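Just one chain is shown here, as structure tokens, and it is the form predicted alone.
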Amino acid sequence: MADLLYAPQLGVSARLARQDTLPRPPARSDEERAVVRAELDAAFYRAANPDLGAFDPVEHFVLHGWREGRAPNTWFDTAWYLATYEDIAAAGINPLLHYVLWGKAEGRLPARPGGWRRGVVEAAMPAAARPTGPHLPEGAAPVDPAALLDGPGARLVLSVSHDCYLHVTGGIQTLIAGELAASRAAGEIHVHVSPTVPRLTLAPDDGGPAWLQLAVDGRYAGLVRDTELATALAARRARWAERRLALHSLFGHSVPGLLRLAAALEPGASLFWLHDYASLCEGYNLLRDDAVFCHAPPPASAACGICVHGPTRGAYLAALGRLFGAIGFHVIAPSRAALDLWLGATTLPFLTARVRENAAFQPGAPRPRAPRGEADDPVRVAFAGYPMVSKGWPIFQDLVRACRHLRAYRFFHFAAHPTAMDGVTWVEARATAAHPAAMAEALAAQEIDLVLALSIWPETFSFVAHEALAAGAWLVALAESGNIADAIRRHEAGAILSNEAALLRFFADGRAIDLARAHAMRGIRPGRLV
């Protein structure tokens, strides 16, 4: 497969300016410090070692850190190196120093083979085995649902998701906020429920009542048992000429609990949103062992047999079969890519299935921007959003490390919390229901050229990708990124690479600079999301 699957208007690669290599100090102590200073990621080291205090990271690693097995950066595993190469441990040599000066040339490895995916696979566990915990706002207390449902409104929407959209930021939460706005405009009562305990699977099916978080018309109310809410809905349903159920996420809920609510409401229409692929597998993004896209094979396949989510997939889908069999769902997908994948893999019954995009990008008029790519004016490259494996954060880390001597690029991370990595400028950005354009505005303010949307699974929509387009940036994505790759093709706004190795080559040989320059020459087209 070719490296570059799609990119408009690429020309001759630019020359990449490299920084001078460090001179080799004559004294071993100075040489050791020079090597560590060049290789240690101070931001990462401080974040990983909060006990460091005011201690200089280089001095700490040289004097204590390597002996304690502490990692100096994201790519060198001190403890593994010493345990694997016993001669280095026996000689009492700083393992990072040894690897840089001799070990690499000898064919020794800096960490266990398999890269970041090996660590992900080894840490993977069934969804039901993952730790859970309370996720309640401070001061949350039980409320009487009956009083909250007695307000005006001839229609009611019961919205269900895995967390409270008023307190958590994300794509689903943004869509539910839009759902609330539409309900208000239509004079509807909008009731939202979410579990009190977050899970990445269904809640245990014990048949008993469950506590839910309740929000009514955009205001957090408190806690309610699902049985009490069902009673209140059943007693009042004749008041509402129209009743709808909008199921955004199953996780944290039990099938009996959802059936109780649906039976009490008797909705005229029930919508099931394909924000992810949780209706195909507990591994909601279809990553085998949380590391590699699996293409949703049949539950009895050999592929499922080697995945951490495989043993429970049959029982999980049987539970969903009971839910879908009792409730006639209209399935709504935020993209054609998501719907096609789902239709090709599901065995669940449903009434209809259609595409409704979470948002549409409307580009504005082109604006000129001087081409970048020189050492004094580098191409601005960003990762936006949560630093998660499924979003490609380890790939971004590898790219930053591979390009650390190239002055033609400057890397950014736009997120709510600081980045623990040298060579990356963190910019605070937090899109909320009250300020949904915050991410796009932050990207535009920094004049970002390229946004790396490196998801390793087929995204059903990706708000980040569309926020990047709204900011006037182009996208760089991988082939199996679903609607992200489709958005690049639709808007002719970026490049699609076959895999992460191809991505590293794309930046190393300067084609990423060519892409940014083609973008500037065509004209920056910031717009808006509708």
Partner chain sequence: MRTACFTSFALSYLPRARVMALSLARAHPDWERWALLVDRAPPGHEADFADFHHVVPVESLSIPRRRHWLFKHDLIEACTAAKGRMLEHLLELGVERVVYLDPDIVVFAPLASVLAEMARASLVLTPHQTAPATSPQAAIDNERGSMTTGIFNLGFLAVRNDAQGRAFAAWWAARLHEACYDDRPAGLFTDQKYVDLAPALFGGVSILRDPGCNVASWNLDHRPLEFTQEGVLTAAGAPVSFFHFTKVGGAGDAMIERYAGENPVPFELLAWYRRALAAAAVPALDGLPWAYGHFTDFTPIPHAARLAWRAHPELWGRFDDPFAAGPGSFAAWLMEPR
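This one's a predicted model, so the numbers in the text were calculated from it and none came from an experiment. Numbering follows the first chain given and starts at 1.
Another form exists, predicted together with the partner chain; not displayed. Remarks below refer to it.
Considering non-hydrogen atoms and a 4.5 Å limit, does the partner chain approach Ser301 in the model of the complex? Contact check for Ser301: yes, within 4.5 Å of the partner chain in the model of the complex.
Would Pro297 count as a contact of the partner chain in the model of the complex, using a 4.5 angstroms cut-off between non-hydrogen atoms? Yes.
Please check if Val355 has a heavy atom lying within 4.5 Å of any heavy atom of the partner chain in the model of the complex. Heavy-atom contact with the partner chain at 4.5 Å: absent for Val355.
Spell out, yes or no, whether the shortest heavy atom distance between Asp289 and the partner chain in the model of the complex is within 4.5 Å. Yes - in the model of the complex, heavy atoms of Asp289 and the partner chain come within 4.5 Å of each other.
Out of Ala333, Ala431, Cys307, Ala384, which one falls within 4.5 Å of the partner chain in the model of the complex, going by heavy atoms? None of the other options qualify; the answer is Cys307.
Among the candidate residues Arg239, Arg369, Arg108, Arg118, which is the single one with a non-hydrogen atom no more than 4.5 Å from the partner chain in the model of the complex? After the contact test, the surviving option is Arg118.
Given a 4.5 Å cut-off on heavy atoms, tell me which of 356-364, 153-161, 289-297, 229-237 is the interface stretch with the partner chain in the model of the complex. It is the stretch 289-297.
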